[in-house]
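Only one chain comes next, encoded as C-alpha cells, the form predicted on its own.
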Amino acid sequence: MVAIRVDGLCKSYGAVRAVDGMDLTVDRGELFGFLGPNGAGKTTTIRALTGQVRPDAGTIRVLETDPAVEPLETRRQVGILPEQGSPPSFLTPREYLEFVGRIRDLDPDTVAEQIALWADRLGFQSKLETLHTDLSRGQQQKVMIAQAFVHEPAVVFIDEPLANLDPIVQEVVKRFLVAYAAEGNAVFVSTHNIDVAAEICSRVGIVADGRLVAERTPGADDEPLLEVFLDSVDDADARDVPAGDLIER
C-alpha cells in the first residue's frame, strides 16, 4: 500500500529552484532513505510533504491526504522529527511530551505509558523533570525522537535522526526504525550519512538539484551505495562548490 506519493513536485524561492519535478513513492513497510548533498532539496521536500510549505506545482498524497490543501490533517496523522528541532526550553521532557500527547488527542494513561516507554528506551528517565534549557543537545534529541513517535503514526518523517546521539543510543534508534517499518509503517529518513542509509534502509533515493536521480536497494545491488551516490550526483554540486556555499535550501 502506498503511503507517500509525489508527482512533479516543484518549489522555488525567488530565482532558486529548490525542488524541480520531484517524483517518488514510499510504501507502508518501507524504511526509505532520502540521500543527497547539501542544497539538493531534501529539507524543502520534507516540508512540502508535511504541509509546512506549499508547492508551486505537482501533487502530493500522504496517507490519502493532500498536505497543500489540508496541512493540519496531514500533520495530525504523521510524525515529524526536524533536523534542528528542539523542545521548548521552559518545559521539562515530561511536560513537553504530555503537551504533545494532548494535541495528538491521546488519553492521559496512554501518554504516561508512552513517556515511560521512551524514557526507558532512550535513557532519559533521570531527566524527565529537568528543564530542556539545562539538557545537553543529545538529551534534547532523545525527547524530539519520542515526540515524533508518541502517537504511533503510520508515516514518520525524520531528518538526521542520529544527530548528537552517542553510539549506544544510535544503535537503539537504528534498530527501532527498522522494526517500526517492519510493522507496516512508512519511515522516511533524510540523511547525509551514506553508511547509515546503506545499513538500515530498505530502499534509498538519491536526490540532486531537486530531483530524484537514482534509487537503490541496499544489499540487493552489487555496486556500493557510495559509488552510486558519486556517479548520480553532479560533480559541480557535490564536490566543486565551496563548503560555505553548500547551504540546505
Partner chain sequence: MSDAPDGQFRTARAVFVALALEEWRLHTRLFGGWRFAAFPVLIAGLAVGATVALLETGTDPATISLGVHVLAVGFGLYSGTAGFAGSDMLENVFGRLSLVLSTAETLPLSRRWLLGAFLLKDAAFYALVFVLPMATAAIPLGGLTAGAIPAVSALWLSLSLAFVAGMALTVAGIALRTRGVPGWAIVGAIAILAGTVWTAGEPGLLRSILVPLEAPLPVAAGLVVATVAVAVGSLVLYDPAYARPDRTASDRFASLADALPLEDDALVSKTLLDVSRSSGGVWKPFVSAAILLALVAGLVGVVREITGIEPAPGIFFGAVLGLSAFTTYNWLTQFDSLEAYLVYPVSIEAVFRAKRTAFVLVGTPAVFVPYLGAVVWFEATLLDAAVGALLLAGYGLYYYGLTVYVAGFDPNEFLFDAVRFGAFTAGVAVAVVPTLVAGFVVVPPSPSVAAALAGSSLGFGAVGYVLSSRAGPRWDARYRAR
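Residue numbers count along the first chain shown, from 1. Nothing here was measured: the structure is a model prediction, and the numbers come from that model.
Keep in mind that the form predicted together with its partner chain is not shown, yet the notes after this line are about it.
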| property | result |
| --- | --- |
| Its partner chain contact in the model of the complex: F99, any heavy atom under 4.5 Å | yes |
| 4.5 Å heavy atom contact, Q147 and its partner chain in the model of the complex | yes |
| Interface membership of R17, its partner chain in the model of the complex, 4.5 Å heavy atom rule | no |
| 4.5 Å heavy atom contact, L131 to its partner chain in the model of the complex | yes |
| Contact residue in the model of the complex, chosen from L177, I80, L106, L165 - any heavy atom within 4.5 Å of its partner chain | I80 |
| Listed residue (V53, L212, I200, A181) with a non-hydrogen atom within 4.5 angstroms of its partner chain in the model of the complex | V53 |
| Among 44-52, 57-65, 214-222, 183-191, the region lying within 4.5 Å of its partner chain in the model of the complex by heavy atom distance | 44-52 |
| Contacts with its partner chain in the model of the complex, stretch 1-31 (heavy atom within 4.5 Å) | K11, Y13 |
